[in-house]
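First comes one chain, alone, set out as structure tokens in the form predicted alone.
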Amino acid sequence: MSTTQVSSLSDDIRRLLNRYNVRPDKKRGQSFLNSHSVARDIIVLAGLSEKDDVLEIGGGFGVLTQLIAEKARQIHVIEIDPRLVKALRDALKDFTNVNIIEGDALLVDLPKANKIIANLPYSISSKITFRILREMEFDDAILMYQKEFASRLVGCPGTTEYSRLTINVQYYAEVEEILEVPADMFYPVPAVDSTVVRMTPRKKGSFARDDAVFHWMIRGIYPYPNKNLRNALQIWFRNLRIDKSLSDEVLLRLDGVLTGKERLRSINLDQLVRLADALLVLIEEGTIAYPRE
């Protein structure tokens, strides 16, 4: 897209901001997509058809919403700002398949949808991602994040990007980066580039016998990603006022899958599932109390 085209779209966004008296909220990382080309690329990557019911989070001025409405059977769009809700209603008044939900996407009831498309407000990226993954049944989600955040979502064991966020997201979904979006495709221009990812519910690989124990364990040991597993378990147990020597008992239940010498950043998801299941055995035996969190 030429500089002139981007400038023209930015002018359109500025006019809409003035018309509806909207001031982009920097604290929420609020920027508006001003590229029809990027919007069309996202729609193509979503593979929409007239059989799809779509949820969009953060409709803004409807750049994506209108394209989704042209392809999908139904679109539900959640928008928190009442001024933007007014803008969306004006822009989409000719569509009969658009349901605009005014409210906070972290609090409102999420509608049923088999596809999710969103240019997510950066301030709620983590919270809304986990709400989607835990509360919705969907085929796939096309979600835009800050580039650094997206890199953590697709992180691999042994890399600096591999973190608690990586593990918790990849426990629920397979994630792939599908589109890079430069910062100048937004108005106001944010400080960083963005990346669009595709998430699909994970069906392959192992799952923990108890999801709550798995996530309790990850919360407990991954504040120390550069320590070896035995040390991280001991610190966590000490913080819980559990005898830290029980960390060796947990490792013994793994039959060599993990020795305790591994750095946390190097341990893959299947190994972590085995670790959580070994911990669950001690809980079932009454040696360790079931998490109250």
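Residue numbers run from 1 along the displayed sequence. This is a predicted model, so every value here is computed, not measured.
Below, we refer to the form predicted together with a small molecule, which is not included among the displayed structures.
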message: Based on heavy atom distances of 4.5 Å or less, which listed stretch (216-224, 170-178, 114-122, 146-154) is in contact with the small molecule in the model of the complex?
response: 114-122
message: Considering non-hydrogen atoms and a 4.5 Å limit, which listed residue (Ala232, Leu251, Leu33, Leu67) is close to the small molecule in the model of the complex?
response: Leu33
field: is_contact(Gly103, the small molecule) in the model of the complex, heavy atom dist at most 4.5 Å
entry: yes
- request: Classify Ala208 as contacting or not contacting the small molecule in the model of the complex by the rule of any non-hydrogen atom within 4.5 angstroms, answering yes or no.
  value: no
- prompt: Using 4.5 Å between non-hydrogen atoms, is Ile80 touching the small molecule in the model of the complex?
  reply: yes
- prompt: Is there a heavy atom of Leu84 no more than 4.5 Å from a heavy atom of the small molecule in the model of the complex?
  reply: yes
